[in-house]
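The chain below stands alone and is given in C-alpha cells; this is the form predicted on its own.
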Amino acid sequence: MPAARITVHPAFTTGPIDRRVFGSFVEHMGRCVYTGIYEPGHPTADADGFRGDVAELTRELGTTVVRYPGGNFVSNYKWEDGVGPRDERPTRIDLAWRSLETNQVGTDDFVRWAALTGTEPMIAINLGTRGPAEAADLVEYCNVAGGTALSEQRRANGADAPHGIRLWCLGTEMDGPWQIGHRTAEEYGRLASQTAQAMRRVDPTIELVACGSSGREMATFGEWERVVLEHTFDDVDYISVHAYYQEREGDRASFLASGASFEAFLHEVIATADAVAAKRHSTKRIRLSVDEWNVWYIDDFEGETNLELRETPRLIEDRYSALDAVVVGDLLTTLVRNADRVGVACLAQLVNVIAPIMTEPGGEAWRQTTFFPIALLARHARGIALDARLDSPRMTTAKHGEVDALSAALVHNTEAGELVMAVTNRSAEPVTTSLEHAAFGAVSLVEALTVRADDAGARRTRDEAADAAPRALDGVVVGDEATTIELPPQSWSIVRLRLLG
C-alpha cells in the first residue's frame, strides 16, 4: 500500500481562514431564484415568499456570503426594475439566459433573504450595458442612511435602515465573448477604475472585486489580469477567479486531479497580481475572490443562444455523483489551504443550477452529494490554516501530468480546540497516511468521516443522493506523536483530533 506523511506544527501557519471562503452564488438563472429561494405559496414560504426549507438548508450548508444577482445575468440588468411594489415591476427579457425576468425578486428582497439565512450579500453591478453613474446610484440606494433621492426611495420601499453592503463585484467575466457588453482588458480596466472611484465617493468603506479572466483556458488569461490590475490596482481589493471542472469520458484520473489544476490557477493569478505590485513598488497584496467555482458538466449545456424564450426554465440542473462530491471536497480543501490569499469564494450556484440544494416547485428541497463535504468544511475549518508539509505518492494524469495523489488542508480550530484535517486521496489505490502532530501534544479522535467515489460514478437522483453522505472512516489509529489513517481510494475525508494539552 502506498504511504504518505503529513507534518504540522502550530507555529507554521498560512493564515486565518476568512469565513467568506464558504460562500455561494444566487443568479437570476433557471430556477435558482424562482422556485429556488423564492416561491410564494409554497408550504414553507414566509411572508416575503422565501422558501423556509431552502433557507434552512442554506444555514446547514454553512453559507457565509452570497453573490447576487449574477453572473452573466447582471450585464444587462437594470437594478431599478427590481425595487418598489412588486405589482409595478416590469417584466424584461434577460439576454444572458434568454429568459423572461419578472423582477419579483430584487435588491431589497435579496437583502431580506440574506438576513433570513444569516449570510452576507455580495452585489455585482452591471458593467456590460451600464457604467459609473448607475453603479454609484446603486451604492447610494443601498448604503446611504437618508437625505438623498435614492436613499429616501429605499426608505419609501420599506428599508428604513441602510443595507450596508460591503462587498461589490465590478461586473463579471467581461473578457467572455458570450457576455453582453464584453470588452478588451484595456477597455474594462479603465471602466472598472472609473466605476470604483465613483462608488467609493459614495461610500469609502466598500470592498471591490475586479474581473479576472473567465477561466484559465481562455486565450485572454494572464495578460487580462495584468492589464486590468495595471488600471485598477489602487481601486480594488480583490481580483476574481472562475473555475469549473467536469469528468470527461475515459479520463477519471484527470478529473480527480482537478484540484491540482485549480491550485496552479490560483498561484498564477497571485503571481500576476504580485508582479503588478512589484512594478509599482507597492506592499499592497491583492487577494482572490473565487466567486464562481464548481463541478459543471458544461458539455451537456446546449448554449444560451439555443434556449427558448420563457419564464423560469430548467437550466443546467446537473445531478451529482459521489465522485463529483470527492472533487468538490478537494476543490474547497484547496481554497482553505490557500487562506493567505483567498479571501472570498462562492460555489456557483446555491439552488437548482449546478447546485448542492435542489427543489421541486411546491415540493421538497433536498441535498445533492456535493452538499456534504461543503457543509463539513464550513462547520469545522475554522481558525488558522496550517502550513503543513506533505510527502505524497505521485500519480500520472493525461491532462495535468504528474500530480500528488494526496491533497490536504490542516486547520488549527482554536475555538473548538481541535486539529482538523481535510484530505483527498485522488488515486485508485488506498494510501496509508501518517499525520505527524507531536508539536501539538496529546490528541484524541473526535470524528473521522469519508466520502468515497463509487466505481460507476453514477449521477444521483434525489432518493439516491443521501447514499453518498459521509460514513465513518475506519482504520484511524491515534498515537502520541502521529495518527495513522488508511485512506480509501478516490475519497475525500475529514479527521478531527481534540487537542488535550
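Residue positions are given as counts along the sequence shown, with the first one as 1. Keep in mind that this is a model prediction, so the values were computed, not measured.
Not pictured, yet referred to below: the form predicted together with a small molecule.
Judged by heavy atoms within 4.5 Å of the small molecule in the model of the complex, the contact stretch among the candidates 53 to 61, 440 to 448, 24 to 32, 458 to 466 is 24 to 32.
The partner is absent here, but in the model of the complex a heavy atom of A348, alone among L127, A381, A408, A348, sits within 4.5 Å of the small molecule. Note on the partner interface in the model of the complex: the residue among D318, E173, D324, E101 having a heavy atom within 4.5 angstroms of the small molecule is E173. At least one heavy atom of W296 is located within 4.5 Å of the small molecule in the model of the complex. Although the partner is absent here, S392 is not a contact residue: none of its heavy atoms lies within 4.5 angstroms of the small molecule in the model of the complex. The small molecule is not shown here, and in the model of the complex it never comes within 4.5 Å of any heavy atom of V105. Though the partner is left out of this view, G82 does not reach within 4.5 Å of the small molecule in the model of the complex, counting heavy atoms only.
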